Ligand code: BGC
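This document opens with one chain alone, in structure tokens, the form predicted on its own.
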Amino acid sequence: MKQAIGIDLGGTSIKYALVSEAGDVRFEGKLPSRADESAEAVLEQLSRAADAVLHSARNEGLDGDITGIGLGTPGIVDTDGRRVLGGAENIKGWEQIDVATPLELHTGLKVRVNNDANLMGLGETRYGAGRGCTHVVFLTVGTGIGGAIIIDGHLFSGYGGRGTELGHTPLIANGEQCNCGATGCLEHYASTSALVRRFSSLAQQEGLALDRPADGELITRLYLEGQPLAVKCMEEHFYYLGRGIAGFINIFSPQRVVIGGGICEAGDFYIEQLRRVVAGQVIPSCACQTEIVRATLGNRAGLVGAASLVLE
């Protein structure tokens, strides 16, 4: 059975594994990314990650089945799947850099590269909550909002690979400034960071005493307990995110919208509340064949999607 090395590069760590064409994961590991040092340091760590998988595979006689390496990275990647063009502010010097060639020279394996959120969406489509579908919109809700679009079974990235920044869809006219420099972005209003920022600000204004700093887990717990401020902030969160999802459904009419990120693991209520908001905002004829579901691969989605780049 064909195997591929999947690598998921983040600002803090690099996750890696050997993934089979059936989606089975072996030899998982994690290394510091050294993203705050230099691009050269990150490339070193990527080589170390590949070496770790190759060593384990050789010990079990699987190295001959490995067809290549798939790498997910923050930022915009060229259409050849080799060079990071920019947009990865959390990795020092990570722009206009050929990532594939050094890894190919080091390992002797072919390498394909794509944006990390794209590959999370691809992983969920191939092996997770979108399995069996050809048209999927994927959103991951966390510090920001990342996204991916699958059309006819393939990643859609826009001309030159510079599109599908779903979190930066303009949502609020004359809204607050987003980290991207624009105003009123979906990410600025509907991410977990936005939820925490809103709740913390209102809690301070109201003199609400908390036993620990606010985060998504605390706010969802308080919401389920019926705490009024948490309910207010979560309802705002569902409204903003639901409107964004409704817009994507109106445009793409996917078979499934898959929602990932830690906050959606809080319980079934999360997806149910999003469905409720979307139903009131979407064009019914666009949404009649669309399901909204929770992602199933968790932290493995990125590396499984990365491996699938070379397993297709």
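Numbers for residues come from their place in the sequence shown, where the first is 1. Rigid core (definition): largest C-alpha set, two forms, superposition within 1.5 Å. Here the structure is a predicted model, which means the values were calculated and not measured.
Another form, the form predicted together with the ligand, is not on view; read the next lines as being about it.
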item: Stretch from 198-206, 97-105, 212-220, 115-123 whose residues place a heavy atom within 4.5 Å of the ligand in the predicted complex; value: 115-123
item: Residue 110: touches the ligand in the predicted complex, heavy atom cutoff 4.5 angstroms; value: no
item: is_contact(residue 242, the ligand) in the predicted complex, heavy atom dist at most 4.5 Å; value: no
item: 4.5 angstroms heavy atom contact with the ligand in the predicted complex for residue 165; value: yes
item: 4.5 angstroms heavy atom contact with the ligand in the predicted complex for residue 75; value: yes
item: Answer option from 184, 161, 87, 81, heavy atom within 4.5 Å of the ligand in the predicted complex; value: 87
item: Shift of residue 304 between this form and the one not shown at or above 2 Å (CA, core fit); value: no
item: Did residue 189 shift 2 Å or more between this form and the one not shown, C-alpha, core superposed; value: no
